[in-house]
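Just the one chain here, laid out as structure tokens, in the form predicted alone.
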């Protein structure tokens, strides 16, 4: 970074002020509010240098300066510092996640989208798991009568599928329980890829005389464990963007809402490498529709597997330190809770 200490202090002060006010910031404002120990004239000269270097912009000749995308980038990477969440915010995150953690994962993620939007006051988009590493959690055989059995398969993600099976000969309760135990003993904890020919052969040999039970369970297993090509996108707080004066213009608002309807575009925005938080600012984004927005993205995990991703969209004067602090804690706690519920049980 080609900025000396004084320029860094001035740039940080200006961006902090602009994030709060959305008004161009002048040298007198910085001199009065931030007590940098230098005169207004000196600050004005430094701001002119920062503008020449591309870190600031002057929207009008007589106005103060506002940050450029380059200025925000230096701020995010080097200047903003870390934010500490209040005890109230921490408890809100914990209570919100704990209240919905049990159930199918798509419902959990949908509720999490609402929580995150409420915490940040920005638009939040979350992609549900694309390639869940589903495994068999439990198989239950339930007798309907002597010749009919209901087979139920439950995965570690609480996906439940069932099918009615017609038997070729009657089965008593003891035999049904034995077969039920065999299926769970052989298949519990396995993914679809792990249910190979050897496993299938072992199970078939163990349920001799009632092979139709296992033959019917195979398609149920496939339906329950198969990977999904595209994760569903959940959106919350679409109207939050209009809380910011930058989006008072009708054309700008319409462009933003139109962008949110483009699911493939949102999936591309949510594509994450690894589980670190990524911040894309203004023109760093590849789509013109969001060239005046910033997006903070990350992924969430179950165990060691990254299963989905989320993004927070706001104006470029986003409260970056607060958003990253909320997201870091939120993701960490969500990962722990999902892993505990779906893997450790």
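Everything quoted here is computed from the prediction, not taken from an experiment. The term rigid core refers to the most C-alpha atoms you can superpose between the two forms while keeping them within 1.5 Å. Numbering follows the first chain given and starts at 1.
The next section is about a form of this same protein that is not shown, the form predicted together with another copy of the chain.
message = Just checking whether residue 248 would be counted as a contact of another copy of the chain in the predicted complex - the rule being heavy atoms within 4.5 angstroms.
response = Residue-level check for residue 248: yes, a contact with another copy of the chain.
query = At the 4.5 Å heavy atom threshold, is residue 73 in contact with another copy of the chain in the predicted complex?
reply = It does not: once another copy of the chain is placed as it appears in the predicted complex, residue 73 has no heavy atom within 4.5 Å of it.
request  = Would you check, heavy atoms only and a 4.5 Å threshold, whether residue 211 touches another copy of the chain in the predicted complex?
outcome  = Close contact is absent here: in the predicted complex, residue 211 is far from another copy of the chain, nothing within 4.5 Å, heavy atoms only.
message = Taking another copy of the chain as it sits in the predicted complex, is residue 202 in contact with it (heavy atom to heavy atom, 4.5 Å or less)?
response = Flag for residue 202 set to no.
key: Contact residue in the predicted complex, chosen from 239, 191, 95, 271 - any heavy atom within 4.5 Å of another copy of the chain   = None of the other options qualify; the answer is 239.
ask   = Which pick from 91, 232, 275, 172 sits with a heavy atom within 4.5 Å of another copy of the chain in the predicted complex?
value = Partner contact (heavy atom, 4.5 Å) among the options: 232.
Which of 191-199, 240-248, 211-219, 76-84 sits within 4.5 Å of another copy of the chain in the predicted complex, heavy atom basis = That would be stretch 240-248.
message = Check for me whether another copy of the chain, as it appears in the predicted complex, comes within 4.5 angstroms of all of 35, 65 and 289 - heavy atoms only.
response = None of them does, since no heavy atom lies within 4.5 Å of the partner.
request  = Classify residue 141 as shifted (yes) or not shifted (no) between the shown form and the other one, where shifted means its C-alpha moves by 2 Å or more with the rigid core superposed.
outcome  = For residue 141, whose C-alpha is compared between the shown form and the other one after core superposition, the shift is 2 Å or more.
request  = Could you tell me whether the Cα atom of residue 260 shifts by at least 2 Å between the shown form and the other one after core superposition?
outcome  = Superposed on the core, residue 260 moves its C-alpha less than 2 Å between the shown form and the other one.
task = Kindly check if the Cα atom of residue 240 is displaced 2 angstroms or more between the shown form and the other one relative to the superposed rigid core.
result = No, residue 240 moves less than 2 Å.
query = If the CA atoms of residue 308 and residue 152 move by 3 Å or more in the predicted complex, do they move toward each other or away, so closer or farther than here?
reply = Compared with this form, residue 308 and residue 152 lie closer in the predicted complex.
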